[in-house]
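Next up, C-alpha cells for two forms of one chain, structure 1 and then structure 2.
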Structure 1
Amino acid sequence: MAEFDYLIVGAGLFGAVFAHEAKKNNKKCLVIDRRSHAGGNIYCENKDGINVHKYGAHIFHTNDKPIWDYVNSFVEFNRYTNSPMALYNGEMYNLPFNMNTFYQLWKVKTPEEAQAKIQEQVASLNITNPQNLEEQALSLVGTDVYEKLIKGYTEKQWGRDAKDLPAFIIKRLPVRFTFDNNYFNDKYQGIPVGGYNKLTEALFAGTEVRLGVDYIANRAEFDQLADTVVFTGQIDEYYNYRFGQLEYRSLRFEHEHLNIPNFQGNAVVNYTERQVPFTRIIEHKHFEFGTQPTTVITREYPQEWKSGDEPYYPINDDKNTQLFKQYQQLAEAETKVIFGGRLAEYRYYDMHQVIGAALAKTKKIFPA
C-alpha cells in the first residue's frame, strides 16, 4: 500500500483544486513543486502591503456561476473590473475596442458612425474567410485599430508576424458599440481580497505540500509514494521529449518599487507600439484599490522561450498542435497518471478554465 492516494506534481491552480476535491473525498494527497512557493503562476509576493503578481497579472473572470461560487467559498472577491488603457504614439486609448476607443480615434459619437467607419475600412480589404490573426483582426475592426492597437502589441507579444498566428487569440477581446471599458464580457469578475495566495492556501489546507523538490529528477522515488500521479507540468518533459520539444512564449518581468503613491492611475497600461520593448506596465496596488504610500510596477517583456525558461504561453500553431497530439496519445493510454492544467494540456487556459477542468476531472473520479 502506498502512503498517499495521489501524488500531485505542481502546486498551481489545477493541483490545488484537485487536492481540495480529493481531500473532501477522504483521499490523501502529497503535493510537490520545484518552486519555493505554492500557487503556481498566481502566486503573489507581498511588498509593503501590496500583492505583487510575480508571474504576470491575473484577473479572475468567468461566466460560470458554480465556478464563481466555488472560488468565493474560499475567499471573498473584490469588485475589480479590468479596464486597461493603451498607449500608442503618445496618445491614450481605452480598451477593449469600444465606443470610447472609436471616439478617441475618429471623434465618432454614435455607434452608427463608428460602424460606418469600420465598415468602410473593412470593405476595402476584401477578406471573406479570415485565416490568421491579422485577417481576423482587420475584418473585425478595420485598419486603424489594427495598426495602432493590435499589430505592434501582438507581434512583440508572440515574436511572430500576425499573419503567422492563429485567429482565436484575438477573438478573446471584445469589440463593442457601447461606452463600456470592461475588458471582459463575463458576468463575474474580481480579485481575491487579500490576494491570490488566500485562494491557494485555502485549497491546500490540510494537504501536505513539499516545495523545492524536482519530480522529474527523482521520479522512481516519488512514484512509489502514491497510487496515482496527477501531473501538471510540461507533458513533453514527462515523456522525456521523445517526439521533440513543445514550444512556448516566455516572459521576463522587471519589478520596480517606487516611492510614490500612484504611478499610472490604472492597474494595466498596454504599450502597443512595436518600438517599446515591453508590452505592458502593471501597477499592482490598483487591483485591490490600494492606498499604500508606495507602489510596485512591473514591465512585462515577451521573450523567445528556450529550454529551462518559464513556459508561459503555449504556441498553438499547427506544428506544436500536431506534436502535442502525439504526447496526448501516450497520456490517454496511462492508467496511473492523470494530466491536467495549462502545461500538461498545452492550452492557453484562463484561471476559470483550469478550475473548470480540474472540477470536471475530479467529478468523474469521485462521483457524488
Structure 2
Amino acid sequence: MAEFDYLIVGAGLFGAVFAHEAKKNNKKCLVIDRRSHAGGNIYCENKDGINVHKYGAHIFHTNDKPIWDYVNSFVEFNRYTNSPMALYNGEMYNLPFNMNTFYQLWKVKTPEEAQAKIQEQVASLNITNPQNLEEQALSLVGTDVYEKLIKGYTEKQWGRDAKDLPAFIIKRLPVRFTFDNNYFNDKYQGIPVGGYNKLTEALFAGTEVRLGVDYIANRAEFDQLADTVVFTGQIDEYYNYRFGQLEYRSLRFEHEHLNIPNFQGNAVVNYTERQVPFTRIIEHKHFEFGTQPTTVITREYPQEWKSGDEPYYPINDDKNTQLFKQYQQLAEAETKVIFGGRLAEYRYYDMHQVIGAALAKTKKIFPA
C-alpha cells in the first residue's frame, strides 16, 4: 500500500487546487516543489508590509462567476482594477488603447475623430496581406500607436525584430473608443487581500507540502510513495527530452526597495522604447492601495530561455507545437500519471484558466 493517494509535483496554482479538491474527497496527498516556497509564480514576498509579486504582476480577472466565487471562498479579493500606463520618450499614455490614449496622441476628443485618424494611417500603408507582426499591427492600428506603444515593447518581449516575428502573434489589438482605462473586459477583477499566499495557504491547508526537493532527480523514490502522480512541471523534462527541448521565453526580475512612499503612482508602467532594456516597472503596494512609508519596485527584463532558467512563456510556433504533440501522445498513454498546468500542457494560462483546468480535471476523477 502506498502512503499517499496522490503525489503532486509542483506547488503552484494547479497543484494547490488539485490538492484541495482531492482532500475534500478524502484522498491523501503529498505536494513537493523544487523551490523553497509554495505558490509557484503567484508567490508573494513580504517586504515592510508590502506583498511583492516575486515573479511578476499577477492580477486575477475572470468572467466565470463560479471560479470567482471559488477563489473568494478562500480569501477576500479587493477592488483593484488594472489600468497600466505606458512611457515612451518621456510621454505618458493610457493603456489599453482608448480615447484617453488617442487624445494624448492626437488631441482628438470624439470617437469619430479617433477612428478617422486610425483609418487614415492604415489606408496610407496599403497592407492587404500582413506577412509579419509589424505589418499585422500596422494594419490594425496605424503608424503612431504601433511605433510608440507596440513596436519596442514587443521586440523586447520576444528578443526579435518585429519584422521577424509571425503575424499570428497579434491576432487583434484591444482598441476602445471610450474613455475607459480598465485593461480587462472581465466582470470580476481584483487582488487577494493580504496577497496571493493567503489563497494558496488556504488551498494547501491540511495537506503535507515538502519544499526544496527535486522530483526528477529522485523519481523512483517519490513514485513509490503514491498510487498516482500529478505532474505540473515541464512535460519534456518528465520524458527526459526524448524528442528534444520545448522552447520558452524567460524573465529576469530586479527588485528594489526605496525609502520613499510612492515611486510612480501606478502599479504597472510599461516602457515601450526598445532602447530601455526592461519592459515595465511594477510598484507592488498599489495592487493593495498600500499606505506604507516605503515602496518596492520591480523592473522586468525579458530574456532568452535556457536550461536552468524559469520557463515563463511557451513559444507556440509550428515547430514547438509539433514537438509538444509528440510528448502529449506519451502523456495520454499514461495510467498512473496526470499532467496539468502551464508547463505540463505547454500553454499560457491566466490564473482563472489554471483553476478552471484543475477543477475540470478533478471533477472527472471525483464525480459528485
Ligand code: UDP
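Rigid core: the largest C-alpha set superposing within 1.5 Å between the two forms. Fair warning: this is a prediction, and the values are worked out from it, not measured in the lab. Just so we're on the same page, residue numbers count up from 1 along structure 1's sequence.
J.: Eyeball the pair and call it: which is the form predicted alone?
T.: Between the two, the form predicted alone is shown as structure 2, not structure 1.
J.: Spell out whether the Cα of Asn185 moves at least 2 Å between structure 1 and structure 2 when the two forms are superposed on their rigid core.
T.: For Asn185, whose C-alpha is compared between structure 1 and structure 2 after core superposition, the shift is less than 2 Å.
J.: Glu135: after superposing the rigid core, is there a C-alpha shift of 2 Å or more between structure 1 and structure 2?
T.: Superposed on the core, Glu135 moves its C-alpha 2 Å or more between structure 1 and structure 2.
J.: Indicate whether Asn126 shows a C-alpha shift of 2 Å or more between structure 1 and structure 2, with the rigid core used for the fit.
T.: After core superposition, the displacement of the Asn126 C-alpha between structure 1 and structure 2 reaches the 2 Å mark, so yes.
J.: With the core fitted, just quote the Cα shift at Asp161 between structure 1 and structure 2, in angstrom to one decimal.
T.: Taking the core as reference, the C-alpha of Asp161 is shifted 3.1 Å.
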